[in-house]
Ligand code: HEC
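Single chain ahead, written as structure tokens, the form predicted on its own.
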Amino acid sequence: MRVSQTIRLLLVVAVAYAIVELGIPAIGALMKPGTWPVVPVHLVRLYLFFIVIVILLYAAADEERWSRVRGDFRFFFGAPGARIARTATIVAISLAGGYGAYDAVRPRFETPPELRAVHPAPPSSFSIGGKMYDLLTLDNPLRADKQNFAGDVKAGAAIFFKQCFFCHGDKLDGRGLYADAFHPPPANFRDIGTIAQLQESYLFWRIATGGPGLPREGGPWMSSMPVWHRFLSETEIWQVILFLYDFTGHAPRAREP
């Protein structure tokens, strides 16, 4: 067929797109059941850009192969018998480009019907795996263990840089690799208005229950925070909290008498 070489190259692009858009998240879901990682749009575009460049270099590396590709394009854009297919392709590309331009500038979120609370009030208690936690009396059990404090902070750092820095950033400033893909953005722990204003029990609740654990006033956008108690133990969550305060130099808010 006249377009067989070009079709093969286009199929390679389509398969590469499917791998980036679906294959990578599927691998992540297999590694962490119950999750579906999201590849940011700008990364997908970046990967496809380099994939197309590599395919074009491959096609141009061989004179015979490149001649077949050029012949396919000359046939498609010049042959009278390809008029219908040519017109349909041009219309489809034009419509796709127009929609892409519209999608890039259209508003993403409706005006919230009510004021969103950045730090919504936590419940007085919550349950994880049948264990009840009373947030009115809950304290970080690792903070008082001065003998193992440095080790717990180090363990919390290892967990953070394995699980959390992709969103919250390696400087804990909310500017991780995936930060631009979320709205609201990940928390900036260096900001004096975040963890410095909160008790450690609040952080435990937010990390353990994630976005799905937020109350109604946490809407309308809620949060992309995973439900971390499914992947981390209670001790590991407390270790991460110790690291957050130790790294930023903030002290947790004292419990009011």
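The first residue of the shown sequence is 1; numbering continues from there. All values derive from a computational prediction rather than experimental measurement.
Although not depicted, the form predicted in complex with the ligand is the subject of the following passage.
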task = Could you spot which one of 175, 143, 119, 154 gets a heavy atom to within 4.5 Å of the ligand in the predicted bound form?
result = 119
ask   = Which pick from 39, 51, 214, 59 sits with a heavy atom within 4.5 Å of the ligand in the predicted bound form?
value = 214
message = Is residue 71 near the ligand? Define near as a heavy atom within 4.5 Å, in the predicted bound form.
response = no
ask   = Can any non-hydrogen atom of residue 170 be found within 4.5 angstroms of the ligand in the predicted bound form?
value = yes
task = With heavy atoms only and a cut-off of 4.5 Å, decide whether residue 194 touches the ligand in the predicted bound form.
result = yes
query = Contact between residue 97 and the ligand in the predicted bound form at 4.5 Å, heavy atoms?
reply = no
inquiry  = Would all three of 23, 28 and 43 be in contact with the ligand in the predicted bound form, where contact means some heavy atom lies within 4.5 Å?
reply    = no
query = Tell me which of 71 to 79, 88 to 96, 124 to 132, 162 to 170 has residues with heavy atoms within 4.5 angstroms of the ligand in the predicted bound form?
reply = 162 to 170
request  = Determine the residues of 165 to 188 with a heavy atom within 4.5 Å of the ligand in the predicted bound form and present them in sequence order; the list may be empty.
outcome  = 165, 167, 168, 170, 182, 184, 185, 186, 187
